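Here we start with a single chain on its own, the form predicted alone, put down as structure tokens.
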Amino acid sequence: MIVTRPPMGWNSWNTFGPDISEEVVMRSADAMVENGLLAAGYEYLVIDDCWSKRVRGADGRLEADPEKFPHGMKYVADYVHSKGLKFGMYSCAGPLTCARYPGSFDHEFVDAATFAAWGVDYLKYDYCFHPSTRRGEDLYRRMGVALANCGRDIVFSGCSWGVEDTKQWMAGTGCHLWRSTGDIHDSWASIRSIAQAQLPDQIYGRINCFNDMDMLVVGMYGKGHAALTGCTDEEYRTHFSLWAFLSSPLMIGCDIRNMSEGARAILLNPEVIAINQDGAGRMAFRIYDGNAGWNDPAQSFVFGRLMENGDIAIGLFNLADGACCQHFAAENLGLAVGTGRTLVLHDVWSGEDTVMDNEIFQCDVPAHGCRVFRARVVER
């Protein structure tokens, strides 16, 4: 199985944490369709930790908690599939999950077979309580081999938080994406910390092994299991834009049953989604902006990305607490003066078009904000 684009969907953890249930899952599946999320590309509905009984069954297999899921997981998966969605679940490389439910250590093949029988399409695989005597590389490969032989195509999401130099070995384990950070929380401080951690590591993302910057907190506004201070819509736009730009999976974490109009406008922006889902899958590159003398390069940076159709996506990001002026040169994008070419810059948030009429483009970027363009190459 080859995963050619970053997965998109919804995960239960950020809003519901351990308070997951059959009813929550089914109503969230309804909401994914009714709110236009499925039509926009969000196809995976993923149940996170705390779904199972505290002990395995007499046959050694995982069993759903009968109070939370009275009809069992196959019933839930069938309902999710009936909506045109794909169904995802959670397990862990240790003997216990992070919330101390049974993990898959030494049960990889039986668990993979169980997930396949239930109709699972996506497995998030965490890293809590793993034996210190075993290498993470070996533990993830064990489940990778089991999934590859379970008889069903299942997206394998490795969630080892970037520890043990994950970026160097995860692509060889069978994982289709790998978590490069610890857990995100609904606060600007958390978003900024994760974003800054990507600056040296984003080059390790690739088709079939995408760099997972963790789930989206867009639209939480300080409510839910992973909530802290909440964020403004400006901050959520920056969060969503950067995750999209760096080809991170777009897994919504807010309560999609009652999204605000602001959150809906962010999450359903088709032009930002198109950058994330571009078929070429090329990595973003950092553009030198020459402003190191007055902008902190850890807080203010510009990314470019060559799109499949020849367009160039350009993202100017300002994580600092004050506004700044950012710029980039056509030369940095392959458009030297002698080419006779320039760019028409289409702002994917405002919809405005601007012709780059000299060799340098500059603009003000607000605190915690961004400007994102899809640029078309034209004759000067």
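In this text, all values refer to a predicted model and were calculated from it rather than measured experimentally. Heads up: residue numbers just count along the shown sequence, starting at 1.
Form predicted in complex with alpha-D-galactopyranose: not shown, discussed below.
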Which of these residues, 175, 123, 147, 215, gets a heavy atom within 4.5 Å of alpha-D-galactopyranose in the predicted complex? 215
Among 183, 164, 234, 153, which has any heavy atom within 4.5 Å of alpha-D-galactopyranose in the predicted complex? 183
Counting only non-hydrogen atoms, choose the one of 201-209, 80-88, 175-183, 264-272 that falls within 4.5 Å of alpha-D-galactopyranose in the predicted complex. 175-183
With a 4.5 Å heavy atom cut-off, would you call residue 228 a contact of alpha-D-galactopyranose in the predicted complex? no
Consider residue 311 of the chain shown here, and say whether it contacts alpha-D-galactopyranose in the predicted complex, taking contact as heavy atoms within 4.5 Å. no
In the predicted complex, does residue 13 have a heavy atom within 4.5 Å of alpha-D-galactopyranose? yes
With heavy atoms only and a cut-off of 4.5 Å, decide whether residue 99 touches alpha-D-galactopyranose in the predicted complex. yes
Residues in 142-160 with any heavy atom within 4.5 Å of alpha-D-galactopyranose in the predicted complex: 159
